[in-house]
Ligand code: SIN
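Shown next as structure tokens: one chain only, the form predicted on its own.
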Amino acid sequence: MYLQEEQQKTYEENGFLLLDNLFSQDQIETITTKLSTNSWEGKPGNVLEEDGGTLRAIHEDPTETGLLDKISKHALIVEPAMQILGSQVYIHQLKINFKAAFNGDLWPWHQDYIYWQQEDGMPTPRAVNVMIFLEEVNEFNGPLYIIPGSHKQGVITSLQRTEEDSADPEAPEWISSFQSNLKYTTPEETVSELVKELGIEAPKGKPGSALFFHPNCVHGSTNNISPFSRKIAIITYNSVENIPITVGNPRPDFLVGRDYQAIKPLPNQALIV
């Protein structure tokens, strides 16, 4: 499936594009059923909220067969990603973010690319995130706030958290990129200026909807104090023409895909098991 011309223009102008009901309920249930089996428990890429008991995120090695293995290679999202980036793609990162009812913590304002640039050696932001709604995303359960057009600003100077500010100084270094106290954030005054100029949106939708967004879009989300949980899968595709350079102290394989072979898109029926 490829984007229509108007859809592609919307992505280029705003830095994001929401496609409602892209996946069927049966396809989404395939993933959520796997999640309910607790097969992810004890994996090294899991992140908990600051309360130490609420699950915040699961990360998967893109080279392994996991919860997101088939959907991440599905033509419905791989082909638009190829179209957006103008090349074949591979998977840089796979994760499921949770925002538990009553206990899901916030994600501060930030851009994604600065993490991949500084931590992984990605040369340019020639990548795209695809957020798949595994549950309904509504105005109550902490939807993504995103500033349209902010991707055109490039990498905005971000505040860097110091080790002294860490919630858990003994936690592995990589985890600071996924806690509520993020390593790199966009300053509040910058966010205020951008919102005054460009506005702010909060894409919402039913399970199976997909949000494509540029890694330089400034975005964040609030705490979830509602009784509605919010689960989303996020697949980051990178262009095969934008292979990261070697960095010192590289992040673990469950955070950074290192199989640079182009994805062969899977047909629609491949997801149903």
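None of these values were measured; they are calculated from a predicted model. From 1 onward, residues are counted along the sequence shown.
This protein has a second form, the form predicted together with the ligand, left out of what is shown; the following refers to that one.
> State yes or no: in the predicted complex, is some non-hydrogen atom of His151 no more than 4.5 angstroms from a non-hydrogen atom of the ligand?
Contact with the ligand, no.
> Heavy atom to heavy atom, is Asn242 within 4.5 Å of the ligand in the predicted complex?
Asn242 lies outside the contact set for the ligand.
> Determine whether any heavy atom of Thr185 comes within 4.5 Å of a heavy atom of the ligand in the predicted complex, and answer yes or no.
Result no; Thr185 lies far from the ligand in the predicted complex.
> Might Ser221 be said to contact the ligand in the predicted complex, defining contact as any heavy atom within 4.5 Å?
Close contact exists here: in the predicted complex, Ser221 approaches the ligand to within 4.5 Å, heavy atoms only.
> Scan Ile91, Leu144, Val191, Ile84 and let me know which has any heavy atom within 4.5 Å of the ligand in the predicted complex.
Looking at the other structure, the residue within range turns out to be Leu144.
> Of the residues Ile232, Leu211, Ile31, Ile58, which one places a heavy atom within 4.5 Å of the ligand in the predicted complex?
Exactly one listed residue reaches within 4.5 Å, namely Ile232.
> Mind telling me which stretch in 42-50, 213-221, 244-252, 200-208 gets its heavy atoms within 4.5 Å of the ligand in the predicted complex?
In short, 213-221.
> Could you run down 63-95 and flag each residue that has a heavy atom within 4.5 Å of the ligand in the predicted complex?
If the 4.5 Å heavy-atom criterion is applied to the ligand in the predicted complex, 63-95 yields only Lys95.
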